[in-house]
Every structure is written in C-alpha cells, then in structure tokens.
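Two forms, one protein chain; structure tokens for each follow separately as structure 1 and structure 2.
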Structure 1
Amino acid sequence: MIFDVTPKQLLEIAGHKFSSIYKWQLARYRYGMGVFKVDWALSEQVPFKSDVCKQAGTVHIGNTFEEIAQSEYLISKGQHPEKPFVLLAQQSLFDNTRAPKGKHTLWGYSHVPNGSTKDMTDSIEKQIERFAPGFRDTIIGRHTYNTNQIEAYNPNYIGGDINGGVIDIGQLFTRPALRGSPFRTSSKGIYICSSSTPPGGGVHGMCGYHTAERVLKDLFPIHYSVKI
C-alpha cells in the first residue's frame, strides 16, 4: 500500500501496524507555515506597471529581498506582516477558457502562521496594488480561504501547510522520519509517497517518483533498474 498523506493521517490509518519508535518519529513531525488564498474574477488584466509581469503566468510579489525575508521571518514567529510576500497566478492570460471574453481570473496566496484564521485579503490586495495601481478597480468578485478552510478542502494541508511539513535542515532529508529509506514505513508493504517525503513540496511529482522506485526495487531487487 502506498499512502499519499502526511504523517498525521498515516498514523491515524495504519499506526497500529507500526513500531513504537516509528510512531514516535511520525508524531514529532513538524508542520510549517499555512497560506491564505484568494481567487479573483477581474474585469481586465492585472494593470502591472511592469510589462514583464503583464506577460508572466506566475508573479512573485515582495519588492526587495530584505522585505521578503522580513515578511517570512515574522510569519515564522507567529506574526502577520503588513507587506506579505504574495504569489500570483495569471492562467487566463494563456487559457481563454478560464474567463469570459475580455475578462480574467487570478489567484494568489500569502504565507501566514500555521492555523491562522486572520483575513489577509486587504493586506494581499494592498501589496498587489503597490505594483499594479488600479488593481482593486478591476475586481468583480473574490473568494477566500483561510488555513482552516484549506485544511477542510484537503486534510493533507495541516494548518494550511501546502508543503507537507517544514523544509529545513532538520527535516529535509529525514522527512518524515530518519530511516534508510524515507519512503518505507516500519511495516513491510506500507509506503508513504506524499510531499512529506524528500524532496518535499514544490518539486511536483518527484516524491511519488522516488517512492515508486523504492517499491519496484523492493519487489524486484535483482531485475529492477531505472531507465531514463
């Protein structure tokens, strides 16, 4: 069995099959920042001052490196920055099925402390407005998700954490536990393949790819070889 879940769900589903030390390791797994997400319907394209941003499918808004670092630092300390780092996606620029002719869609999110229910809509829109004056005038409608709503949408997003757990030096190679293979559990035949395994969230598909390699090697230790 291969589970695309985080350690919390893995314990709930199959914890009775695991060794005590493996259960202890999973229980100590740390979850990271949550996100506050907004979906917008727009009357026109986002009026960025930068022509490059007007042509980009994804735009990262944060001004200077120092401002971004300060924003993320405050969130790691449980605070909500006034000028958050914002990730935006403008799919309707390239996919005309996303919105009626002449209109556009946009979604974006900022990081927030894990489990936060603070409404970040105003802070996010102010941040976009800094680099796209008149943005708020283009908004036809919006829908928001706080961390609780994001977790309700997908139980893997613990506290709104869409990356499957903190990715730092203490939990980069040992996610979800310190083992010879992070994809194997302590119970033979049970594997974990989610972003709670290396290389973590954001490297789309690679956690499952490496887990599949591990499963095939275990099933066919002599004959299996990787062909790329």
Structure 2
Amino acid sequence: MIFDVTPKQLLEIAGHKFSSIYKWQLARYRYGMGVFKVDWALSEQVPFKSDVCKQAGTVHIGNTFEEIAQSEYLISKGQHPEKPFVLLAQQSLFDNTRAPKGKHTLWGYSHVPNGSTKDMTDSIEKQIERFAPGFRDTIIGRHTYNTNQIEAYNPNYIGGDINGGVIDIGQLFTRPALRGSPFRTSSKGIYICSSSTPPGGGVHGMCGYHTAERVLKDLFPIHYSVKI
C-alpha cells in the first residue's frame, strides 16, 4: 500500500497499524503557510507598465526584497499583509487553447497564514493594479479559493499548505519523520510517497519515484533488478 497523502491523513487511515513512536512523529509533523488562490477571466491581457512583464510566463509582484521579506514575515506571525507578495501566471499569452480568441486567463495566489479564511481578493488586485493600471477594468470573471476551500478540494493541502508540510531545516531531510527511509512507515508494506517526503513540494514525481524504489528493494528484490 502506497499513500500519496500527508501524515495527518495517513494517521486517520492507518494510525492503528503504526507503532506509538511513529504515530507521535507523524502527529508532530508541521504544516506551513497556506495560499489564497484567484483565477481571473480577462477581456484583454494584463496592462503591465513593464514590457517584460507583458511577455513573461510568471510575474512576481512585491517590489523590493525588503517588502517581500516583510510580507512573508508577517504571514509567518499569523498576520495578513496589506501589500502581499503575489505570484501570477499568464498561460494564455503563450497557449491559445486556454481562452477564447483575444481573451485571457490569469492565475495567481498570495501566501496567507495556515488555515486563514480571509478574502485576499482586494489586496491582491490592488497589488496588480499598482504595476498594471487599468487591470481591474479587464476582469470579466473571477474564481477564488481560501485555504479551507483548497483543502476541501484536495485533502493533501492541509490548511492551504501546497508543499505538504514546511520544508524548513527541521523537516528538510527528515520529512515526514526521522527514520532509515522516509518513505517506509512503521508498518510493513505501508509506504508514504506524497510531497510530505523528500524532496518536497512541486510537480516532479521524485517523491513517488524514490518511494517505488524503496518498495521494490524491500518487498520485490527480484523486480528491483529490472532496469528501466
């Protein structure tokens, strides 16, 4: 059994199969900041002042290092910054399958405290407007997700944490628990392969790949030697 879930869910599903130490380790696994997600339908592309941003797949809105560092610091203290750091993606500029001809999509989020239900739409749109005056007039549709809604959509995003747990120095090498193999649980035959294991969040499949290698070595040594 291999679980693409995070420690909290693994405890709920298979907790009774685990040793008390392993259960304790999973229970103290820490989740990090959440995200507030917004998707827009636009009548035209974002009217950035900067020509570079008009041709960029991703745009980071946050001005200086100091402003961004301050925004992330406040969030880690459980607050909502007035000028949040905002990440944007402009897929439809480069992929004409995303929106009707001449129209555009915009994808964005800002970080928020874990479990926050505050509606960040206004602060996020103000931040975009700051670098793209007239942005608000291009909006023809909008969809938002606060951290609760993201978790309801995908139970792996606990409190809106999209990395499956904090990747700080305490959990960089030991996610989800300090053991011989991070993918093995204390119960023979049960493994965890989600982004709560190394190397962590993002779409790369490396957590799953390493889990499978572990499973083959532990349980199917003959198959392990089958090279790909």
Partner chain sequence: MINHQSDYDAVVVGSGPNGLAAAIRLQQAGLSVIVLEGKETIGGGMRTAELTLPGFKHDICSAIHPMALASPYFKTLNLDTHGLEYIQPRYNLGHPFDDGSSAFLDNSIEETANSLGVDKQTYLDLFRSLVNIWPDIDQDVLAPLHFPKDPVALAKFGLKALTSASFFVGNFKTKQGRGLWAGNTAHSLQPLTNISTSAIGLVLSTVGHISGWPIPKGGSQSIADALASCFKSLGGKIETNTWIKSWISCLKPKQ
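As the structure is a computational prediction, the values presented were derived from the model and not from experiment. Rigid core: the largest C-alpha set superposing within 1.5 Å between the two forms. Structure 1's sequence is the ruler for residue numbers, which start at 1.
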Note to self: Quick check: structure 1 or structure 2 for the form predicted alone?
What the structure shows: 1
Checklist line | Residue shift check between structure 1 and structure 2, rigid core fit, A27 Cα at least 2 Å | finding: no
Note to self: After core superposition, I'd like to know whether V203 moves between structure 1 and structure 2 (criterion: C-alpha shift of 2 angstroms or more).
What the structure shows: yes
